[in-house]
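Just the one chain here, laid out as structure tokens, in the form predicted alone.
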Amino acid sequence: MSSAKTIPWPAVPIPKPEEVYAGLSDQAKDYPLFLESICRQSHNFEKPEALSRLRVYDTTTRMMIGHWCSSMLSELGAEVIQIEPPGGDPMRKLTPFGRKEYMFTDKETGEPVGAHFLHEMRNKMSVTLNLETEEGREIFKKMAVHTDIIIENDPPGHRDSLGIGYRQLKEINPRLIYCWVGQLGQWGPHKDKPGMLDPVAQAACGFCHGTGDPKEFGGTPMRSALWMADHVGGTQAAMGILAALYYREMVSNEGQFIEATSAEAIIRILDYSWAWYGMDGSIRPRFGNWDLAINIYAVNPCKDGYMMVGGGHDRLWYRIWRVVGDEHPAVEEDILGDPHLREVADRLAMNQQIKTYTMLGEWLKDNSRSDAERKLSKQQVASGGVLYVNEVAEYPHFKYRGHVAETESPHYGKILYGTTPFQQHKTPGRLKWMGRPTGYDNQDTYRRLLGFTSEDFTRLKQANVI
């Protein structure tokens, strides 16, 4: 890790309930305090886990879609065993700019691991197995009897050619739910090829073309800075798995095959782009931070960064200019007197967008994020500053609700992380541990499931099977 000194988290103490609800009446505090009493993450370990009876083998490598899918299941209590090739998933080695000081190091073995991979290894056991060897495949078949779910992302048909695909394993375990994840799919004219990763899906599904500044502003198509397609696709995969589990338990008593792809998951969320194109062939253009259907509804520069201001309907629209008018009366007069700005549809023409955002920008440049939010909030205008991650880490709201936290890993020391989003009354998600070194659970898992002996481990390691 880097030797740079940082302020211990949290730099500012987490607010207490009496501070958060100071000044509110007992009636106003009643409902939020009730929800806190049943959803507080500090009580998660006092409650059962929704998926505690499920076992999952995540055998995906080199892409985040499978790891994200299985980490959602592991947070909800499933026993997730990450089956990696000997030496570990290559994603363990990914780190910003290739700098090892940004990696976490296991205290016992000295093995480094990248923060992205580690963040999605939560609650998972790490086992190594070489599926490219005949003995490795035989071991995998025996393990398949002891699981509910297998997730894989090998090139189309590869597992089937090895005799360990869905068609073979469902004969061994009829209740098996087998989920393949990837970018474009295993069948069709442009099925997945080796090396196809998240950016390919983002580019193929229309997302990149519609993201970024307009061409007239010098903009070009942009992909998401995060592996957004894999995260959306992985969420789709997790939902498909849970639906298949429900069907198995309530209807069929049998498993099934699931295919989830990043590109098709994004296609599903491209909102009115499809209906618009279907009407008259229009293609949704890039529009930067501006919104095609709402003015004002964008991220704008201000005195100390950037500010999101939303004027989604007439009431909010006029309240924005009332706030601006407190300091720039002439601007409010101009806006309210312009006949081309009175109706929502009229405000969407390019000239009107330029005029309103320019005028709002003139006000914002003299206001900090906190000042602008305070003034807009008085008029009940939806707004908020664009926060840096260090500000998110100290943001009172997220700290209070427990969505940023620090864990003490026996392997990697203190790790700041984003906690589970599953806030549920009776079966919430939770973090039990934050990742493990490559093959850390070989002994426990293989002894428990297959009865391996010390001699088996020695022989299989020498043969590069585990």
Partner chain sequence: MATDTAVSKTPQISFEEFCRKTFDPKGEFAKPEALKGIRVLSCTQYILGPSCASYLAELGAEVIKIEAPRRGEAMRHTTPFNEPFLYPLSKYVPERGTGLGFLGANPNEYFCSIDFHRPEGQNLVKKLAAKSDVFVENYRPGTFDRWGIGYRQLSAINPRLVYQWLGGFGGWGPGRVRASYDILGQSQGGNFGMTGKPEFMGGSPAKHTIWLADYWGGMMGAVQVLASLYYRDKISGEGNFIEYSQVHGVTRQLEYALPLYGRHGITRERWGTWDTQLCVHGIIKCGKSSYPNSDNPQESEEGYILISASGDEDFARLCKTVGDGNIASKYAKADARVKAEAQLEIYPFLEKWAADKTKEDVANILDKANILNQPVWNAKEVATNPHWQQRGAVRWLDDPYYGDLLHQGPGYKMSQTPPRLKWAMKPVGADNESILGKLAGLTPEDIKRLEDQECI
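For the two forms, the rigid core is made up of the largest set of C-alpha atoms that agree within 1.5 Å on superposition. The structure displayed is predicted, hence computed values, not measured ones. Positions refer to the first chain, counted from 1.
Absent from the display: the form predicted in complex with its partner chain. The rest refers to it.
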Next item on the list: Could you spot which one of Arg286, His328, Lys375, Lys355 gets a heavy atom to within 4.5 Å of its partner chain in the predicted bound form?
Entry: Arg286
Checklist line | Selected contact from Leu245, Val323, Ala144, Leu131, since only one has a non-hydrogen atom within 4.5 angstroms of its partner chain in the predicted bound form | finding: Leu245
Next item on the list: Name the stretch: of 328-336, 359-367, 81-89, 222-230, exactly one has residues whose heavy atoms fall within 4.5 Å of its partner chain in the predicted bound form.
Entry: 222-230
Next item on the list: Give a yes/no on whether Thr419 approaches its partner chain to within 4.5 Å in the predicted bound form, heavy atoms considered.
Entry: yes
Next item on the list: Considering only heavy atoms, tell me if Asp30 and its partner chain come within 4.5 Å of each other in the predicted bound form.
Entry: yes
Check: Does its partner chain get within 4.5 angstroms of any non-hydrogen atom of Phe207 in the predicted bound form?
Finding: yes
Item checked: Any non-hydrogen atom of Val200 within 4.5 angstroms of its partner chain in the predicted bound form -> yes
Notebook entry, point to check: Which of the residues spanning 38-55 lie within 4.5 Å of its partner chain in the predicted bound form, based on heavy atoms?
Noted result: Ile38, Cys39, Arg40, Gln41, Pro48, Glu49, Ala50, Leu51, Arg53, Leu54
Check: Relative to the superposed rigid core, does the CA atom of Ile283 travel 2 Å or more between this form and the one not shown?
Finding: no
Next item on the list: Tell me, please, whether between this form and the one not shown the C-alpha of Leu341 is shifted by 2 Å or more, with the rigid core used for superposition.
Entry: yes
Notebook entry, point to check: Is the C-alpha displacement of Asn295 equal to or greater than 2 Å between this form and the one not shown once the rigid core has been superposed?
Noted result: yes
